[in-house]
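So this first bit is one chain, no partners, the form predicted on its own, shown in structure tokens.
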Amino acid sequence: MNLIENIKKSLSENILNLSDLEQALKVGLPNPKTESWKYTPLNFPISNYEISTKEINSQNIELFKYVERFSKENDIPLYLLNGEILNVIPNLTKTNIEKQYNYFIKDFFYYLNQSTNKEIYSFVFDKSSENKNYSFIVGALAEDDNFLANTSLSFVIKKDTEIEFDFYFTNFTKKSFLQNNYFSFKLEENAKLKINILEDDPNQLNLINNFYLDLSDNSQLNLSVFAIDGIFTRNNIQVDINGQNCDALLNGLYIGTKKNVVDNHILVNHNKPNSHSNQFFKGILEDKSRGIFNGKVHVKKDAQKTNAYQSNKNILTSADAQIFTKPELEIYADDVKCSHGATSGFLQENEMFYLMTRGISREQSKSLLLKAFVNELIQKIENSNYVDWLDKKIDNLI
């Protein structure tokens, strides 16, 4: 494969994990016969990509001044470019610790990421970090078309700590670039973590984001992902509930336009009893875009008293748009409350007609109905100023 040969030529052996690189070659690129990629076409020429070897230094931080993001009170930004951190913040270490990803999709991109990450950036947050909001801005920069970079970050949220993270992704090259990102989170006992993920860069950014979260006793997770632009976006999210009395809320909105592809693959493993999870995802597919949602809940035999729910709702505004949705329950315990559901359909003409008879144009009627559809989801974010900011970005698309 050209990509593997390109990597071997551009990176020295002391940087590479050759065993992972060989495993990537063995597994091969996903194709329609790969179950977890069955409906997700790789609409960029990944075989011809190269690892970006552009020299990165602190001067590149100037690029981030113009990245649009929501600056919250006590906001602390961290800038990453091609997998390298440009500025120093508290709680950061860089070590050669063994990676602990127990990821449900160990595919080509997983091994590709591991192959170029002998070192891993690790963050530890404790109660001294509270009342602060950390923003992670992940940037891409290359010499030309068809480059990629791998990013790997690890987070530990210590006992009794409450914290919030925002993630942003941007392509400074404005030419075809792949960001292949892996983020792992360990929530210790009674930790509370909020994560807001915004994926809205249309500048030829192909984005594969992987989030692995490990929950301990009494911990709480509230994760929201907004994939509202971008030519190719894939989110793999896995939550392992390894403690009792945990709460995991996963909310997501995806908007597809043009010929864009947006994919969400979710797995929640209930490994211990007396916990709750809820997946709530909505999608809008326009033009010739394609959306994929695969949400799975796995309840182990000993995970009694589990409450697990998931819902996926989609609206298509074009006959050429596509949605593939597959909610799954795999339950081995008998004392549980679990449900799932999925709906997909077009905008209702009778609702459009009702608004148009009141003097509202067809385009405005469509926009009002779509805004009502997404409002239930974005209102789950507690920060009203962030909601207003996000609303404006969504308005530009629908």
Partner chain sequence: MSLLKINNLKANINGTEILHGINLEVNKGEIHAIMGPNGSGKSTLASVLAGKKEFEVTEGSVLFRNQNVLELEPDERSKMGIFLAFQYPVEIPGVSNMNFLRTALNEHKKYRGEEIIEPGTFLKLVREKANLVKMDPKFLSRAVNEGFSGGEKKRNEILQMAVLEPTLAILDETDSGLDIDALRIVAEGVNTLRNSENAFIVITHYQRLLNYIVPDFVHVLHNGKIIKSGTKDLALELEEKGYDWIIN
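Just so you know, these numbers come straight off a predicted model, no measurement behind them. Positions refer to the first chain, counted from 1.
If you look for the form predicted together with the partner chain, you will not find it shown, but the lines that follow are about it.
S.K.: With the distance limit set at 4.5 angstroms and only heavy atoms considered, check whether 358, 362 and 372 all reach the partner chain in the predicted complex.
M.R.: Checked in the predicted complex: all three residues contact the partner chain.
S.K.: Exactly one residue in 329, 56, 333, 368 has a non-hydrogen atom within 4.5 Å of the partner chain in the predicted complex; which is it?
M.R.: Spelling it out, the residue with a heavy atom inside the cut-off is 368.
S.K.: Using heavy atoms only and a 4.5 Å cut-off, determine which of 35, 68, 349, 62 is in contact with the partner chain in the predicted complex.
M.R.: Contact with the partner chain in the predicted complex is made by 349 alone.
S.K.: In the predicted complex, which of 333-341, 23-31, 41-49, 349-357 comes within 4.5 Å of the partner chain (heavy atoms)?
M.R.: Correct option: 349-357.
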